[in-house]
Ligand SMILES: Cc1ncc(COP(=O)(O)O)c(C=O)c1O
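What follows is a single chain, given as C-alpha cells, in the form predicted on its own.
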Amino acid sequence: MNAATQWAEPLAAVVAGDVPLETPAFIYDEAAIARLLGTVSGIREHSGCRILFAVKSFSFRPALALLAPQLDGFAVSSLFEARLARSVLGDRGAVHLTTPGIPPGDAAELGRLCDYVAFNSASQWRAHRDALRAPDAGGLRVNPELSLIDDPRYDPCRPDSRLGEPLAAVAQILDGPEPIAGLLLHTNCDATDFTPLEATVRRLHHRLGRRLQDGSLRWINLGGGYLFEDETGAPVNLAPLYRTLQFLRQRCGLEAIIEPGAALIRSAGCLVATVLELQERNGRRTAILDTTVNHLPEVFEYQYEPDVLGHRDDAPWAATLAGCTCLAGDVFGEYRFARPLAVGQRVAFPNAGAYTLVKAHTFNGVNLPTIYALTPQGDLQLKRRYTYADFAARWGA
C-alpha cells in the first residue's frame, strides 16, 4: 500500500484533530488538482491533442469549475452528466458523449448539449444521428478486440463485449455511403504504461488501413484508463503516448482526443473518518469507523485494501479497519501503525478522489461524507453538507 506522502503534510493537522472537521469527510486538494492539470497542459502543448475530463469519475460541480479552464471540455455518459457539464462550461469547451444506450426521449436534448457523440453501435447511430448539432459530431465506438484486462467483467474488448462495434463491422460502415466523423475507443483501466495504447492504435490502423487516412474521418477519441503518475507519485513515461498522437495527426490527419478521469482526481481526494470503537475478538483488533466501504464502493467491488495515511508494513500495532454498517463485508483491511489507535482518533484514506463520491450510497442510512476543499493556502472550506432532508427526499418522505 502507498502511504501517499503528498498528503502527509497538509493532512497532519486534520488527522491529529487540530482542525474542526465533520466526519466522515471527503476532502479534495485544489493544489493537487492544479499540479495534475499542469501535466495534461504539457501533453496538450506538446502533442496538439484535445483533453477532456471524464465526469463519471468525479462529478462535484465546484471541482469541475476548477478543472474547466485548463481543459478542452468534459466527457459524459448520460443526459444528467451532459447537463452538468454544460452548466459548468457554458458556451466554452466541448462536451463529448458516449454511452451504451441513448433513451429516445433524451436524444434531442443530448444533440443540443453535446459537441460530439460516439454512438455505441451502428443502430444507435442511425436512430439518433439526426439529433446532432453538427455534421461532424457523430462518431462510433469501436471494439479493437485487443484485450488488456485479465478480468472479463471489466474487459471492454472481450469478443462478446457490448461496448462498441467490432473492427469488421466498423470497416463495413466506413466503406458505406453514410459518413461517420470519428471513432472512440476505451480499452484500459488504471494503466501506467502507454505502450498498450500505442499497440491498440497500430492494430486499428492495420485492420482499417486507408479508412483512417482517406479524409472521411475527422477525429479519434482514445478514451481514458491511463494514469500520468505511478503509485509513488512519480511521472510515467509519456513517450508511447506522444508517438501515438503524432502518428494519428501526421499519418492519418486526425484530431486526437483523450479523456482522463482518475488521472486528474484520484490522488487529489481523501476520505477522513473517526474511530468509534475498538474491539478485540479472538486475538484480533478491529477499529470501527464512522465511515463505510459504501463511501469507497470499489473497495468492496474490487476487493482491494485502500491506502491509509500512517500505515507501515513494519509498524508494531495492527488492527482491521471496518465500517459502521451491518454489512459483514464492511471491512477496509488490516493496517499497521506506529502507535495504537484510540476512540475519537481520525483515520485518513488518501488516493480516494476517483469513483468514490459518484458511487457512494447511504446503506443503513449512514450519511454521505461532508465535502471540503483544501485550498492551496492549507485552509479547509466546507463545500457540501448532506442532511436527513437529502436522505428523506430520496425515499419519498
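Please read all numbers here as calculations on a predicted model, not as lab measurements. In this text, residue numbers run from 1 along the sequence as written.
Here the subject shifts to the form predicted in complex with the ligand, a form of this protein not shown in this document.
Run the contact test on 57, 225 and 355 with a 4.5 Å heavy atom cut-off to the ligand in the predicted complex and return yes or no.
Per the other structure, all of 57, 225 and 355 touch the ligand.
Option touching the ligand, based on a heavy atom within 4.5 Å in the predicted complex, out of 113, 262, 131, 275:
Result of the distance check: 262.
query = the ligand isn't shown here, but in the predicted complex which of 311, 86, 211, 186 has a heavy atom within 4.5 Å of it?
reply = It is 186.
> With a 4.5 Å heavy atom cut-off, would you call residue 143 a contact of the ligand in the predicted complex?
Replying inline: Looking in the predicted complex, residue contacts with the ligand do not include residue 143, since no heavy atom lies within 4.5 Å.
Within 4.5 Å, heavy atoms only: does residue 200 come near the ligand in the predicted complex?
Residue 200 lies outside the contact set for the ligand.
Exercise. Closest heavy atom of residue 98 to the ligand in the predicted complex, within 4.5 Å or not?
Worked result: Looking in the predicted complex, residue contacts with the ligand include residue 98, since a heavy atom lies within 4.5 Å.
Which of these stretches, 253-261, 143-151, 78-86, 212-220, has heavy atoms within 4.5 Å of the ligand in the predicted complex?
Stretch with heavy atoms near the partner: 253-261.
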